[in-house]
Ligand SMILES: CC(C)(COP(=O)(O)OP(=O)(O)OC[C@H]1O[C@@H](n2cnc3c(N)ncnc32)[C@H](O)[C@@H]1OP(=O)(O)O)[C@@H](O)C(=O)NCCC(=O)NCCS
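Here's a solo chain for you in structure tokens, the form predicted alone.
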Amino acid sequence: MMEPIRTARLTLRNWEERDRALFHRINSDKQVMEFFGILRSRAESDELFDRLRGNIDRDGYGFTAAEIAATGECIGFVGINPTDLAPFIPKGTMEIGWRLAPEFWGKGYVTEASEAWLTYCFETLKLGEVVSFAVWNNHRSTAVMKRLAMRHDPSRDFDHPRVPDTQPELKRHVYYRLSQAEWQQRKKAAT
């Protein structure tokens, strides 16, 4: 069971039934899914919704709903999830990721929520490293990674094995990482 995480403006929590419509909207929106190459039907979106909710129930974390604390409005998701993209990323490596409805882009919500998740990863889960990856020209996502002080590791860039060859423009992914030591050093410098 997940305990909600609260930031200055957001509540990060498990998915609730009232979030299904927004979840489908972000997973079927051409602008949001530009770098994913798929638009999910309502049934596909509901299946993913149920899987994410179940994972959060089981693990206490995951790609969780992000809601504006003042209004209770769900804006998308920000969270962490263990990856399994071997041989490119070892199984169990913790990924941080996000997906918001476009009207909430550019307001700092992803960075704010991600900072809270990094604190959770390094202080609660005691992880040694957190990674993130995106299509090479997804500049909105890589800008967030840079704001989080994640480092691009070009030696780990990869062609995503789950992207079909029919979408070559989406295959190449850039790899960013942040170690616990780097995070602690950044935290000390900020105080």
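Sequential numbering from 1, following the sequence displayed. As the structure is a computational prediction, the values presented were derived from the model and not from experiment.
Keep in mind that the form predicted together with this ligand is not shown, yet the notes after this line are about it.
In short, of 142 to 150, 162 to 170, 123 to 131, 66 to 74 it is 142 to 150 that has heavy atoms within 4.5 Å of this ligand in the model of the complex. Contact between Gly92 and this ligand in the model of the complex is not found at the 4.5 Å heavy atom cutoff.
For the chain shown alone, Thr119 is not a contact residue for this ligand in the model of the complex, no non-hydrogen atom being within 4.5 angstroms. A residue is said to contact a partner when one of its heavy atoms sits within 4.5 Å of a partner heavy atom; Arg9 meets this definition for this ligand in the model of the complex. When contacts are judged by a 4.5 Å heavy atom cut-off, Ile80 does not count as touching this ligand in the model of the complex.
Site residues Trp136, Tyr175 and Leu178 are none of them in contact with this ligand in the model of the complex, judged by any heavy atom within 4.5 Å.
Of the residues in 93 to 128, those that come within 4.5 Å of this ligand in the model of the complex through at least one heavy atom are, in sequence order, Trp98, Arg99, Leu100, Phe104, Trp105, Gly106, Lys107, Gly108, Tyr109, Val110, Thr111.
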